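Coming up is one lone chain in structure tokens, specifically the form predicted on its own.
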């Protein structure tokens, strides 16, 4: 019988007292990871994109590769991303140092309130979930940096400086990627960045301790991210898996690479709301170029934007979708990962553009909502549902 241990709010300290998975973390039989059926060999099929030429004469080829990855996979890896190796190594080092601090020191940051901007907690949302996940995490809001950094942990002593540097570098990369994704859709480079209002950024410093029975639980079950784009830094230990069809595929770490994935807001808003020609019917790609102010005719020719119906197809929320992913654990090694979530500002209104609404043929897919409203629903639902987008459909 799996033990139940009270008075240890963090998984790390609970695990230290038992050689088994506590009952609170054991998944029902029909909801356990089938580790034997995971495709551990096809992870190399996740696109690997070199960003070195993103700012040069071969930018278009890199933009096209990013667009194909967003359309077909929703996940891709990037190398030569511009974040210095020393900054990456420092982030992983202080993350590990933090989770190795004494329990009394770590608990200074503990809270089970998901609305707190800075908090150490466990699982996902212990207030609402029925089964806990095999994870402790430190949630840090980090943009604007000066608004939050003084609330971050002060131990390890270098934590604020090291993490602040990484957060600044990650934000710069997120903006570059959003510009490229915008271009890949045939939009102006600045469209998506402008769509996000004042912007928001936060990260989760995840710690997955070794699990004595990894077949009984998840680090995180299958879910989609609620934000616009996620940049994942992970140490050398595998754990991330992406759903492809009916299979789970391991996304094994690649030295020097970051994993990028598309969130729900990219699916709903950014390819919908910001078209500057929202009330117009465009029947010729040259008119589209004039209306959108886009100088690259080849993008529009390649996408064959020759009628309003094709515009709806190319720039709809079905174009780039967020993808189910999960985290599994292992019995041998601890694992550190640091996802950076880049988001619209809380008051940004998410709604379809008028050009995508055409009576019965193309009804409104989602009612207008603010990002704060969506984010609150995401935390309330927890990971019991892969995505909460359906909560925002009309009627």
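The structure displayed is predicted, hence computed values, not measured ones. Residue numbers count along the first chain shown, from 1.
Omitted here: the form predicted together with a small molecule. The next part is about that form.
In the predicted complex, every residue of the candidate spot (225, 232 and 341) has a heavy atom lying within 4.5 Å of the small molecule.
Interface residue among 211, 174, 240, 163, judged by heavy atoms within 4.5 Å of the small molecule in the predicted complex: 240. Only one of the listed residues (122, 206, 182, 201) places a non-hydrogen atom within 4.5 angstroms of the small molecule in the predicted complex, and that residue is 206. In plain terms, the part of the chain that comes close to the small molecule in the predicted complex, with a heavy atom within 4.5 Å, is 330-338 out of 47-55, 330-338, 27-35, 64-72. Using a 4.5 angstroms limit between non-hydrogen atoms, residue 87 is distant from the small molecule in the predicted complex. Residue 220 belongs to the set of residues with a heavy atom inside 4.5 Å of the small molecule in the predicted complex.
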